[in-house]
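Given next, in structure tokens, is a single chain: the form predicted alone.
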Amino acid sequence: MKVLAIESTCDETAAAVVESFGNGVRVLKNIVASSVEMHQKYGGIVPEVAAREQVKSIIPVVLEAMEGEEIDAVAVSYGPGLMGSLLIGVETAKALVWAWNKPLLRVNHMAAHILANWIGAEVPELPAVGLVVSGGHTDLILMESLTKWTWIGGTRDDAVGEAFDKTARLLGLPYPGGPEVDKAASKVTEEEWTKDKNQFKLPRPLIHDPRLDMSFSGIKAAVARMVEVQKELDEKTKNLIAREFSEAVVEVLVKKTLKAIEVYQPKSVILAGGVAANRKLRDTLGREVEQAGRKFFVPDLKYCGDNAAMVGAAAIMRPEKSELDLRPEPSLAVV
């Protein structure tokens, strides 16, 4: 099966053409139009601005993806996300399936992040534990099959991506915050870290709690207090705080994922979502999972952020047919 997939849940406007490939999915086209530069001057996403830019971009992006392609179905992410942005993608997909007389496949945006791990020749063996980390989600999912998923743990308050963005803002780093915190943290040498790490110690909330609950609002608040007492927030101090923040967050995420492995005994562990692009998280979790004797999967960097290829992968791996009365669901749950 070959699918045209559309993604417009937040500030990206994307279209892709993907097809079945062995036990997974192959990407033929993957086009993304981003308005991130426009949002940088506001320090974050302005929903109305995002939706206006998507109105301008959606048809050119779809036309570029469709050039020279014949498809069997159209897939679209219908939530979770920003209502105005979701409408652009959903209504475009409905117009196309009506005009082309093709099936419409609805896709959960967060499930698509997970199923981005099915892009390529090697795919996860199930059952698997999935860690989904993004600006709006921090969830642990037990995947017994491609259709039987259970939420087993996650954050009680802030999503980890939100904590990264707010920490970046506190440190005076530009938007988007996650990559900037990662970049600042990477500037601290191991020698500097060994010497200075005890100056800036952050909490690891719930890390010793035997449940799979997490919390990140306390780490963010501790960063705010730390910044407030600094006489001068020079570049070295910013980098050291960014490094400690990254260490604290990754330690919590890794510890809780290892606990999920202990409890559920999966064959594979999957990392997904925008924060899956974080270098330290990818490296540390991958190393710890493999030491625990499990296979570790994380998408290529280009499939970690919002993109349409993952939407197509989800449509192929667990198709959900929809009628033309499909409506966006901004608060759609992961499972």
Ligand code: KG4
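Numbers follow the displayed sequence, beginning with 1. Please read all numbers here as calculations on a predicted model, not as lab measurements.
Below, we turn to the form predicted together with the named molecule, even though it does not appear here.
Listed stretches are 230 to 238, 206 to 214, 162 to 170, 96 to 104; the contact stretch with the named molecule in the model of the complex is 162 to 170, by a heavy atom cutoff of 4.5 Å. In the model of the complex, the named molecule stays beyond 4.5 Å of every heavy atom belonging to T155.
Among heavy atoms of G178, some come within 4.5 Å of the named molecule in the model of the complex. In the model of the complex, the named molecule stays beyond 4.5 Å of every heavy atom belonging to G218.
Although the partner is absent here, S134 lies within 4.5 Å of the named molecule in the model of the complex, judged by heavy atoms. Put simply, of I58, A277, A50, V27 only one has a heavy atom within 4.5 Å of the named molecule in the model of the complex, and it is A277.
For the partner-free chain shown, C304, G305, D306 of 297 to 315 come within 4.5 angstroms of the named molecule in the model of the complex, judged by any non-hydrogen atom.
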